[in-house]
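What follows is a single chain, given as structure tokens, in the form predicted alone.
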């Protein structure tokens, strides 16, 4: 089966890998490729930020978790298993974890849960995904696409992120600005995340040679210039969460626009006039990397079965 995957971010490349492994002939078409995509920006630790507790989302998270556990055994992928602590009520922050992976966090007055997370270094992971697509016979094209009708394939998968607002005619897609910081790593060994305020998530993701600190979650804001006030606020929250960061040196700001939507869209449709199959995988908000394998595998199954998949709900702050 011939297919075009529109979009070369983490969702597009992961979908391409899944389809290629199932014997599809795949072209990945995008205006921008790595390292110039939104997927090259994030901290990328495995945590379903901003997702609600519905069966579809839980299935996608669990499926992705299994894949990343395998990828963490291969140094070439840039995926590493790391101890992690999520601050908050264990019944709330641990809803997606397998029972064997949940354990109370030691010490501290605040409720928390400890678990095993995965840090996905996008500097290595995105090139690995591209190499995998190429090794499986996938092809890449760089061009701007104004309409899905302009793509010449019997099956088109739209993984266009924010571009889906226009390409899929979906006004519910909106940009969610995120600003994160890169600082020196003061020798931290675990990921720490505090999602108690969904409008101001705080997370510290050590990567060895540096540390990613976040962040902001700003729906509707589209400027990509670093905000000094936001930087100061993020650093202050992170230092309260992890005091050892007080000795870390600031390296740079990173700003990107997440593709927000009230619900993740994983669906397959058919054009009545042409008989073409159009599939969709977008709207992951701040959980694009975390949901990537689960959504791609669900979409591959759906293309084989020809029935719509479930839609996972998102908790998007006002």
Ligand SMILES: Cc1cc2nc3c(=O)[nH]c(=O)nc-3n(C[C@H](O)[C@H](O)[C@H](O)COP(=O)(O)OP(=O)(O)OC[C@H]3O[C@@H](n4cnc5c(N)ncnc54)[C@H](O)[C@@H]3O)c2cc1C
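Residue numbers count along the first chain shown, from 1. Note that the structure is a prediction, hence the values are computed from the model and not measured.
Another form exists, predicted together with the named molecule; not displayed. Remarks below refer to it.
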Stretch in contact in the model of the complex with the named molecule, which is absent here, among 158 to 166, 191 to 199, 229 to 237, 84 to 92 (heavy atoms within 4.5 Å):
158 to 166
Which one, 44, 61, 279, 26, lies within 4.5 Å of the named molecule in the model of the complex by heavy atoms?
44
In this chain shown alone, the residue from 145, 72, 153, 183 with a heavy atom within 4.5 Å of the named molecule in the model of the complex is 145
The named molecule contact in the model of the complex: residue 50, any heavy atom under 4.5 Å:
no
Please determine whether residue 178 contacts the named molecule in the model of the complex, using a 4.5 Å cut-off between heavy atoms.
yes
Does residue 262 reach the named molecule in the model of the complex if we count a contact as any heavy atom within 4.5 Å?
no
The named molecule contact in the model of the complex: residue 257, any heavy atom under 4.5 Å
yes
Taking heavy atoms and a 4.5 Å limit, what residues of 31 to 46 are near the named molecule in the model of the complex?
31, 32, 37, 38, 39, 41, 42, 44, 45
